[in-house]
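One chain is shown next in structure tokens, namely the form predicted alone.
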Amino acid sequence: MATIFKAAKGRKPTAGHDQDANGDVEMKDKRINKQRVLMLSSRGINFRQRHLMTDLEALLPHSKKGISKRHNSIALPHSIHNDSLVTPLLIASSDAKLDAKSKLGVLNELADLNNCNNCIFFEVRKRQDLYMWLAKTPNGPSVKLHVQNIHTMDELKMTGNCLKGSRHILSFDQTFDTAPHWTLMKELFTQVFGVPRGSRRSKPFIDHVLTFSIADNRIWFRNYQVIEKELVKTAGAAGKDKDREETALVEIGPRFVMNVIRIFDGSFGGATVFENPEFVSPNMVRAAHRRDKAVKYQARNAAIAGRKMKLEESVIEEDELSTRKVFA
């Protein structure tokens, strides 16, 4: 090790390297796009939502799932040492999840502790409704999405496959350029889901495509593998054979649908930049279904009661010359 250290110390600084006051050569990081994503979930997540989180972690090699173990035992920053924040916050050593659902500003501190400038937070309500937060920490913006129609990789069993840790191409629908809030969503998706070149755990290969399409005022997420078929020789204009590559897309998974609820100016809060007027809360949808069932139940009970009254009114009084009275 001493020989290696002396050789590195005697090396002259070149392009991309600096020399400090002691004469040591310092390496410069040439990467410009440095994106790191913290992926975290709240308590009450079910198996399907947990598998979706695992699939997204496999697709994003620059992400960090949960909180690193070296930060589990350290004290929280002074900015979140408050009675109203420390009580609902719980960090488990085996499975890091967040208990606080109202004070989401704590996630900015957790992202800073993990050296992340992006955050994906899966918030679960009533153990069935999944909300996804995408935020640029610590200054924002952030967006809250309602995730529906979740299908994981293991559930779909598609024939597509890709190398784990490989980079992908982001494909956006042209509708993202029609409105300011869609343009903001496009930029946020690019910075969160785009894997920077040379990031950790990433491989220098591009073999799949992540597509974001807008239909029915919702964002549809799909993941496709890029397959290059065998070269086909075709006759050129001058009689020379030309090689032509044919590419095809095969779906890998996962797939889900995101419904935009609100876009905030800050990270996990702040002024509202955009609010979706067409969004209906799942609680209201379930309440409407229960009301429909209640109306049907009341109508059925009313029909039964009406039938009983009709039968009572249709009873004919016994005649004086009836068989029972004559032969009594």
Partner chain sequence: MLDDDEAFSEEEVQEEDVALEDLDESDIEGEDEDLVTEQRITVNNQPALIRIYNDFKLKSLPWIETMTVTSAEPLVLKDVHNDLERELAFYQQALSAAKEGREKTKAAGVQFSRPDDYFAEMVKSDEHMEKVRQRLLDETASIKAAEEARRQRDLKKFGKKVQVEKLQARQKQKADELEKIKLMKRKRKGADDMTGGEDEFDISLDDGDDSKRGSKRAKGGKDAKGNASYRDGKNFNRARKDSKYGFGGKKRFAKSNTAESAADISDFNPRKNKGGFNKWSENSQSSQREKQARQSETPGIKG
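Here the structure is a predicted model, which means the values were calculated and not measured. Positions refer to the first chain, counted from 1.
Same protein, other form: the form predicted in complex with its partner chain, not shown, and the subject of what follows.
Its partner chain is not drawn, but in the predicted complex it has a heavy atom within 4.5 Å of Lys203. The closest heavy atom approach of Val106 to its partner chain in the predicted complex falls outside 4.5 Å. Its partner chain in the predicted complex is not approached by Leu110, whose heavy atoms all lie more than 4.5 angstroms from it.
In the predicted complex, its partner chain sits within 4.5 Å of a heavy atom of Phe212. Thr183 is the sole member of Asn115, Thr183, Gln148, Gln128 with a non-hydrogen atom lying within 4.5 angstroms of its partner chain in the predicted complex. Comment: 272-280 is the region of 286-294, 299-307, 272-280, 45-53 lying near its partner chain in the predicted complex, near meaning a non-hydrogen atom within 4.5 Å. For the stretch 156-193, the set of residues having any non-hydrogen atom within 4.5 angstroms of its partner chain in the predicted complex comprises Leu156, Lys157, Met158, Thr159, Gly160, Asn161, Cys162, Leu163, Lys164, Arg167, His168, Ile169, Leu170, Ser171, Phe172, Asp173, Gln174, Thr175, Asp177, Pro180, His181, Thr183, Leu184, Lys186, Glu187, Leu188, Thr190, Gln191, in sequence order.
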